[in-house]
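Presented below, as structure tokens, is a lone chain in the form predicted on its own.
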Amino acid sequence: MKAVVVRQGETEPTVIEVDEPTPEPGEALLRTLRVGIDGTDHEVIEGNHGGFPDGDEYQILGHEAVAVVADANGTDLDEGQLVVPTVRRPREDGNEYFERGEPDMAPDGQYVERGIVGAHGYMTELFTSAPRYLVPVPDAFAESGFLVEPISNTEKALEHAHATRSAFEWTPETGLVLGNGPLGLLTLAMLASEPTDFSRTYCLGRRDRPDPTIDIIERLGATYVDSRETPVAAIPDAHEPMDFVYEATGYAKHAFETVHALRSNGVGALLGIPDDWTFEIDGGAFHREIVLQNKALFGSVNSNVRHYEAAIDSLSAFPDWLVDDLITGVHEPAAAPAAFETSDETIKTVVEFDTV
């Protein structure tokens, strides 16, 4: 069967033939429908993030997937059922974080991540998984279900943001997303949707008009902020202070500038993973601002089943046009390397292995 992989020592994806997997007792066999591509996949290919499975010369890519149960293999799953797989797996049985349903909080080194570090991903025709790592989704999600995984990361970040403010009444009205890539746009759609408290939303990018991401930002009712004209720290004066800032750029200075963009009692969530970078900041002023204005800043990575389930509701609530505008390329497995090519017209690409 076909699989999209990166080989050790190479920095380009390639399509190879691999053996079909056989599910172990307690595992099901899944038929892959679609796999999304995001910034993490590019980092894995370039060797800047993740790691190969032990003893293998290649890694099957892909961690955003939607699949169909092909063989339930004696599990409680139903054949033909649509599911989304989670990403993390324990390195050893008995891991306390996995046992209590919080794999996203496991320390580095206690887990592998499918398609990212230490385990093969989902960019292949078939894969196996235990049912506890599979989240059922509606049949209508056959083409869009792979978006549940990235949305779940934002569900977690929002949950943790509210948790940091839970000691007092916090009613956020203004939200700023740093980054107009796929994750940033999905997050903006979540902030702009009816169930949230945010009445005014903003999204930071570095694009010139006309641009498809700016079109989405404005169609969602948000304000586009060009970082070349208005740096993050200048946003309060140019627009207004923010109750919540969501960083999805991986640009290290944004971690510190986020604090300056916040209103008193505001909170910033960091999700980007930057390269090493040494630069100067006024540590005293930074520390003082956090303390005297009751600001909070936290990091967030991965998610758990609860967040996946919340993501299903969020995806269902998106306007009908959003997913169509977000997905700018659908590629067959044989042409998968083209799905990793980037351009100003590219937002989100997918590899489609099958349909229902």
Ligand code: NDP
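This structure is a prediction, so every number in the text was calculated from the model and none was measured. Quick note: we count residues from 1 along the sequence shown, nothing fancier.
One more form of this protein, predicted in complex with this ligand, exists but is not displayed; see below.
**Student:** Work out which of the listed stretches, 92-100, 269-277, 234-242, 129-137, brings a heavy atom within 4.5 angstroms of this ligand in the predicted bound form.
**Tutor:** Checking each option against the 4.5 Å cut-off leaves 269-277.
**Student:** Within 4.5 Å, heavy atoms only: does residue 39 come near this ligand in the predicted bound form?
**Tutor:** Judged by the heavy-atom cut-off of 4.5 Å, residue 39 is in contact with this ligand in the predicted bound form.
**Student:** Spell out, yes or no, whether the shortest heavy atom distance between residue 250 and this ligand in the predicted bound form is within 4.5 Å.
**Tutor:** Result yes; residue 250 sits at the interface with this ligand in the predicted bound form.
**Student:** Evaluate residue 75 for contact with this ligand in the predicted bound form, applying a 4.5 angstroms cut-off between non-hydrogen atoms, and reply yes or no.
**Tutor:** No, no contact at 4.5 Å.
**Student:** Within 4.5 Å, heavy atoms only: does residue 323 come near this ligand in the predicted bound form?
**Tutor:** Heavy-atom contact with this ligand at 4.5 Å: absent for residue 323.
**Student:** With the partner absent here, would 180, 207 and 300 each sit within 4.5 Å of this ligand in the predicted bound form, counting heavy atoms only?
**Tutor:** The answer is yes; 180, 207 and 300 each reach this ligand.
**Student:** Please identify the residue among 85, 145, 184, 121 with any heavy atom within 4.5 Å of this ligand in the predicted bound form.
**Tutor:** Contact check passes for 184.
**Student:** Note which of 309, 56, 43, 289 lies within 4.5 Å of this ligand in the predicted bound form, where distance is taken over heavy atoms; exactly one does.
**Tutor:** For this set of options, the contacting one is 43.
**Student:** Scan 152-166 and write down, in order along the chain, each residue with a heavy atom lying within 4.5 Å of this ligand in the predicted bound form.
**Tutor:** The stretch 152-166, when checked against this ligand in the predicted bound form, contributes only 153 at the 4.5 Å heavy-atom cut-off.
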